[in-house]
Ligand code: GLP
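Given next, in structure tokens, is a single chain: the form predicted on its own.
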């Protein structure tokens, strides 16, 4: 794994946004060969999305030949509900860039046959030749998408019942009323994320520090599902300083040194 540590959340967001924009440009997508990207919701990607919007409005990047697959969506929450992930993505990104509507893929949590929705989602990803880059965030318990502790590390897109802790944490978006929080969601699996050719995880804030320690210094465990990235050939974890607070000093120094050498192209003897 490549570990990139920046001082602040804003710095981390900008670095991550720039890194992915450079990947899109290098790919040189066309209508016949689009850049296929996985996207998350939540607070973690917000600085990334804000920078993408700024760069698009400045004429520095186009998303016309980008296809997106979102990580998850609540079950039985109307798409136009203010807290649906459909609403989140359009409000915070899609309404502000030039991505065609037909290139946007978000799981339908209101369908009559949810199992079919999940199978069709995986099939559509396969039709595009797989995901080029999956951007993600994590929860304080180290989960990615809605793959909470105990999830299979080879799981695919499926219906998932949410834990009490997740419902409690998400109740802040529903006027602190847990009864209003959906108890199920559709989510890509850990295996879906691992199938991407590159995975970039942005993690900011001290409340994620324990998870960062487990993911980077701990072993692979279904109790910290994002730890599976230790086995990915092209994984990048983008951190701010507060998120590193539970890492060993030697680990932080090591990753900073590696990044400095990489950027400076220093000769190694």
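Computed from a predicted model, the values in this text were never measured in an experiment. Residue numbers count along the first chain shown, from 1.
Heads up, the form predicted in complex with the ligand isn't pictured, but that's what we're talking about next.
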In the predicted bound form, the one of 42, 242, 218, 29 near the ligand [non-hydrogen atom within 4.5 angstroms]: 42
Residue among 116, 124, 172, 81 with a heavy atom within 4.5 Å of the ligand in the predicted bound form: 172
4.5 Å heavy atom contact with the ligand in the predicted bound form for all of 15, 55 and 134: no
Which of 104 to 112, 71 to 79, 153 to 161, 189 to 197 lines the interface with the ligand in the predicted bound form (heavy atom within 4.5 Å): 71 to 79
The ligand contact at residue 92 in the predicted bound form, heavy atom, 4.5 Å: no
The ligand contact at residue 183 in the predicted bound form, heavy atom, 4.5 Å: no
Partner contact for residue 86 in the predicted bound form: the ligand, 4.5 angstroms, heavy atom: no
Residues from 127 to 156 in contact with the ligand (non-hydrogen atom within 4.5 Å) in the predicted bound form: 137, 138, 139, 143, 145, 146
